[in-house]
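Two separate entries follow, structure 1 and structure 2, each one form of the same protein chain as structure tokens.
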Structure 1
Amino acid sequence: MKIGHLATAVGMDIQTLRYYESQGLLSEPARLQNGYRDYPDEAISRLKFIKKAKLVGFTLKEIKDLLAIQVTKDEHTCQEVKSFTQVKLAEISNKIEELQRIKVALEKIHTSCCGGDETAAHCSILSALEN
């Protein structure tokens, strides 16, 4: 399977596939006589794995590590795999908390402003940022 075909099959860009290869997420495929990449069918499932992992928030580096475990499942434990989701969940929870803190602070100054046509000379949003 040539790269364009694979890209279409998984809904990704050709450049992205080459980029993933450069980052070690996709192993170097065989080459045709003309130098074109020739992917095995498994490349599709591997890319689908990457897509799903991205959807749940993993970075490419983390996905690379996950894939390394996945191809040698037998030599790894559930515990090991679960620690990935554990860490990521904590990260995401922290981000959400941080954003919620920001949101609350922002809402506070937002609602304190009339939002009217008058000049901003005494705007409470600006005041809040000044003091």
Structure 2
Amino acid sequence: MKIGHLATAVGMDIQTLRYYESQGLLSEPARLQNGYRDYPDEAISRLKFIKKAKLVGFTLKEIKDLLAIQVTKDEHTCQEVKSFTQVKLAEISNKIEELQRIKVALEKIHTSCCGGDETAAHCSILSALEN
């Protein structure tokens, strides 16, 4: 199948597919006589896997590692795969904590500002960000 058909089938744009191919996430397909890429039907399931893995927060490097395991499932354990989600959950938890700290700090400077019509020469938000 041509790249345009594949892109439509998985809801991605052609540039993304070419990028995934250049990064080794998608195997380089055979070429037709006219030079067009001819993707096998299995490319659809591989791209859907990539799409779902991205939705739950995996990086392309992590996805590449997961795909390598998927190709040789019999040589790996569920624990190996589970460790990917364990690491990702810890990263997400750390990000949530960081975002909560940012939110508290932002709320503090937001509520300290009167928000009036006067000039910003003595704005508490600008002062807080400068110091």
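Each residue is numbered by where it sits in the sequence of structure 1, with counting from 1. Since this is a predicted model, take the numbers as computed values, not measurements. Rigid core (definition): largest C-alpha set, two forms, superposition within 1.5 Å. Shifts are known only where both forms have a C-alpha.
Structure 2 derives from the form predicted alone, whereas structure 1 comes from the other one. Taking 2 Å as the criterion, Thr8 does not count as shifted between the two structures: its C-alpha moves by less than this amount when the rigid core is aligned. With the core held fixed, the Cα of Leu25 is displaced between the two structures by less than 2 Å. Core-based alignment between the two structures gives a C-alpha movement of 4.5 Å at His122.
In sequence order, 112-114, 116-131 are the runs of at least 3 consecutive residues whose Cα positions differ by 2 Å or more between the two structures once the rigid core is superposed.
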